[in-house]
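Just the one chain here, the form predicted alone, laid out as structure tokens.
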């Protein structure tokens, strides 16, 4: 495919998509602008219209990952407005499902391989927006007596860290099949949240629904 066939903006998205595919197959070490160009079916020079180097591409992939996550959790927060425990469960489960459905994108988004974040203000902005949204959910849960009082941002980071750990263990196949045969991903996520909540959250109280 020739880059001239792409509509405005489509080439950049196609290159990001090609980058994610390569990451899934070869890992970070296999990623290069030349390979991305070949995968997207454009000339070797085409990516340089959008990315100065590999770091630029990684930042773009990570930024897109954060955007996808933000859109998903924002929709869930809005859908369950006024129901803080449900917001907490659904946001946590959405994070785990993002990792499960798109592990390569998940890994690079949270890889920390961007060398100089200040050079990528869009990345910094969307990553902070995600944290702010999670912090809002935490504040609502604290007000409702679901989580103990304390700095909401620090509590958000603590919960995010725990959920991230669970998601990473799942996609790396590090959780026993014996446990996975007994508990679903959703049940595991709720069990994890119950380690920090002041009231018990039970999966059957909050059945999964498509959005």
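Numbering follows the first chain given and starts at 1. Predicted, not measured: the structure shown is a model, and the values here were computed from it.
From this point on, the text means the form predicted together with another copy of the chain, which you will not see here.
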property	result
Contact test, all of 63, 80 and 132, partner another copy of the chain in the predicted complex, heavy atom 4.5 Å	no
Touches another copy of the chain in the predicted complex: residue 153 (any heavy atom, 4.5 Å)	yes
is_contact(residue 38, another copy of the chain) in the predicted complex, heavy atom dist at most 4.5 Å	no
Close approach of residue 166 to another copy of the chain in the predicted complex, 4.5 Å, heavy atom	yes
Any non-hydrogen atom of residue 13 within 4.5 angstroms of another copy of the chain in the predicted complex	no
Listed residue that, although another copy of the chain is not shown, lies within 4.5 Å of it in the predicted complex (heavy atoms), from 122, 136, 111, 119	111
Those residues of 171-185 which, in the predicted complex, come within 4.5 Å of another copy of the chain by heavy atom	172, 174, 175, 179, 182, 183
